[in-house]
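The chain below stands alone and is given in C-alpha cells; this is the form predicted alone.
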C-alpha cells in the first residue's frame, strides 16, 4: 500500500536532506508507528506520504514513493484527497475557519468531493459519534478546548474514509482518556475497514499496544523497522534520544541491579510489566 524506494528529499536552501535514502513498505490494512527524536524527519515523511511534498512543500527529491499504487510526485493533491488523509500535529493548521459549527467543519471535505447530501449527513453523524463529538456538533470550532479541536481535526479526515491515514502526533494535546479513545478508533478502522494507518508518536506504550510494526527515524534515515516489542525495547532508541516506556526502564534497572536474572524481552506496557515481574518473583 505504501512503498518507498531510495526516497530522499531536501528542503530549498538546505545542504543536508531531511529524508535520506528511505526504502520500506507498509502492507495494506496494517497499523505502523513512526518514532524518532525531534528533527528526525517524522513530519517531513508524513507530508511526503500525503503528497504535501512535493506539491505544497517544494524541494529536491529522488527515488520513488507510491501510496495505494499512486505515484505521489506525478499526482496532484486533488487526485490524492479521496485516498490519503493527513492529520496534523497542531489542529489550528487543519481547521478551515470557513464553517461556523463542528458539524459543518466535518462535512466540508465531503462537500468538496461532491458527495450526495444524504450520504454526507450519515457519515458526519457516524464520525461525530466515533470521535466523541456528537454533543458538540452545533458548537463553533473555536469554542472548543485544545483537545476537542484535536478530535475535530481527526474527525474531519476520518469522515472522508481514506484508504490510507497518516497522522503526525495527533494525540499531543489529548489527555490519557482521549488518547485511548483515538487509538481505539484507529484500531477499529484497521480491523473493520482495512484502513492502512501510519502514526508518528512519542507515546511508545500506545504504539506497543496497537501497532503491527514500528519505524525508527534519525537524521532522516531509517534505523529500524520491526515489531514493537523488538524495536521499542532496543537500547538504540534511547541512544538517539527516544525515551523508552517507564516499564522498560524499570525492568532494565532491576536487571542491572541483579534483582532479575531472566532474559525475556523487556516489558513495554503495564500488562507486560505485571507478567514480567510476576514471573521473575516465582
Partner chain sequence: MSTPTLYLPRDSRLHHLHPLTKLALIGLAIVAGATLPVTLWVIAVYLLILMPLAAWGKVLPAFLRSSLLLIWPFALSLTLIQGFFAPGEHILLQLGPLSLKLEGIQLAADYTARILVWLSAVILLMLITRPDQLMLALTERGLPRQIGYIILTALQIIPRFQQRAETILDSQRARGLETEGNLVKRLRALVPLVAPLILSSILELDERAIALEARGFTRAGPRTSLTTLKDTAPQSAFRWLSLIVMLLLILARAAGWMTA
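Positions refer to the first chain, counted from 1. The structure presented is a predicted model; accordingly, all values stated were derived computationally and were not measured.
Quick note: we don't show the form predicted in complex with its partner chain, though the next part is all about it.
Note on the interface: of 208-216, 190-198, 175-183, 104-112, the segment with non-hydrogen atoms within 4.5 angstroms of its partner chain in the predicted complex is 104-112. Its partner chain in the predicted complex is not approached by residue 146, whose heavy atoms all lie more than 4.5 angstroms from it. Residue contact with its partner chain in the predicted complex: residue 77 places a heavy atom within 4.5 Å of it. Within 4.5 Å of any heavy atom of its partner chain in the predicted complex lies no heavy atom of residue 130.
In the predicted complex, its partner chain sits beyond 4.5 Å of every heavy atom of residue 31.
If you take 24-53 and check each residue for a heavy atom within 4.5 Å of its partner chain in the predicted complex, you get 47, 52, in sequence order.
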